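Shown here is one chain on its own, the form predicted on its own, set out as structure tokens.
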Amino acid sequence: MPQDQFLLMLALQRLTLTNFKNYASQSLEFSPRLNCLAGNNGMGKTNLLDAIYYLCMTKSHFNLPDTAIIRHNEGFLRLEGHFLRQEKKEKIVAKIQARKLKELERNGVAYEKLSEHIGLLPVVFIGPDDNALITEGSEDRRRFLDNTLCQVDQQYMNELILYNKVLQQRNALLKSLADNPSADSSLLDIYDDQLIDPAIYIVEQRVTFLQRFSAIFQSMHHYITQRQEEVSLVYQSQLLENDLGTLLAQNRQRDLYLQRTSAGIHKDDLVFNLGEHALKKFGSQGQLKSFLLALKLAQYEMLRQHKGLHPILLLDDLFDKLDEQRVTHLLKLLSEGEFGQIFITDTHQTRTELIAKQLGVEYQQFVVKDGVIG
């Protein structure tokens, strides 16, 4: 199959926003290859990318509650996206009303479970907030793992949902027992048993994923930096050397004191290294950005290989903190690599136009101002 034809296998053709963040009403048609959005900060460029992400993942990229993405002083929002996926049209509609459950429809039929939608439209979001993967706690790095694995493995998502549900119930019981120490604690045994099987599956999948992911990540990083830096990823989990049932039993008194579960896969982490040192402590801004780009582009490649189609790539304020040399290598990678539909935001219109010309592909240019796109 010719590459250009293959690249059309997943593309957002048309998007309509109603009361989404700072957009009152907007309808847009996109290029199947490259779409550049230029405008000053705070105008709504990132919000548009978040709308696309929402239609793919059923939630905001920024983990905002649904009530926070409804336009100010409005009672509802609606997103409608027309996608072309493997030469078939897919109409996805998200509807949110205040104090009601959100609805997501595929071709006019509402999903019974929102999780059924995840993976249909693979997507990767690269933006300034990615710095949290390095600078913040382990929760952000676990979210990165889960975001990728949930898009390729429905069972992984189901096991993760189950684990988190039981974990929440166990933590609630621990708090209740702290208020009433004489209450029956036997229910903890049941919750402990219910956590074990999903935890085993999740750890196994994370280990398998990272074995393959690390090689792709190294390749991407070498390309972006021209092998000027050596980096590594190390997966940390209590379950790599311990049985969860034993850990939960050993930590029960501690958990009762803390009123939360202190052992389990919700404590897993990824350690990022630059050479023999921690990237967080010794990496420059440029090195951090290169690392994060390689991480997200490797995520893209993993999704592409698993799904058999190119994810939608959302690049928000991409060139912030990147030096000219790294920008050149990245543009070369985007032009020569196997990428499908790309959305890029930037504060400089002339720069996005130059980028489009350098990539040498069909593109659309949009100017964003105060929630209006022209």
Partner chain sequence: MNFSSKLLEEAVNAFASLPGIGKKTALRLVLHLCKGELENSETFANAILNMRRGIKSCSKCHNLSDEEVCVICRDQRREQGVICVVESIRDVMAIEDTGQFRGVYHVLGGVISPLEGVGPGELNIDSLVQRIQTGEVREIIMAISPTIEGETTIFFISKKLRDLPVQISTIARGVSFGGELEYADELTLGRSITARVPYRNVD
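Numbering follows the first chain given and starts at 1. Quick caveat, the model's predicted, so the values are computed rather than measured.
A second form of this protein, the form predicted in complex with the partner chain, is not displayed here; the remarks below concern that form.
**Q** Is there a heavy atom of Gln194 no more than 4.5 Å from a heavy atom of the partner chain in the model of the complex?
**A** Yes - in the model of the complex, heavy atoms of Gln194 and the partner chain come within 4.5 Å of each other.
**Q** According to a 4.5 angstroms non-hydrogen atom cut-off, is Arg212 in contact with the partner chain in the model of the complex?
**A** Residue-level check for Arg212: no, no contact with the partner chain.
**Q** Does the partner chain get within 4.5 angstroms of any non-hydrogen atom of Asp179 in the model of the complex?
**A** No - in the model of the complex, heavy atoms of Asp179 and the partner chain never come within 4.5 Å of each other.
**Q** So, Ala172 and the partner chain: in the model of the complex, are they within 4.5 Å at any heavy atom pair?
**A** Yes, Ala172 sits close enough to the partner chain in the model of the complex that at least one of its heavy atoms falls within 4.5 Å.
**Q** Using a 4.5 Å heavy atom cut-off, which of 123 to 131, 285 to 293, 182 to 190, 72 to 80 contacts the partner chain in the model of the complex?
**A** That would be stretch 182 to 190.
**Q** Given the partner chain in the model of the complex, answer whether the residues Gln154, Lys165 and Gln168 all have a heavy atom inside 4.5 Å of it.
**A** Heavy-atom distance to the partner chain in the model of the complex: all three under 4.5 Å.
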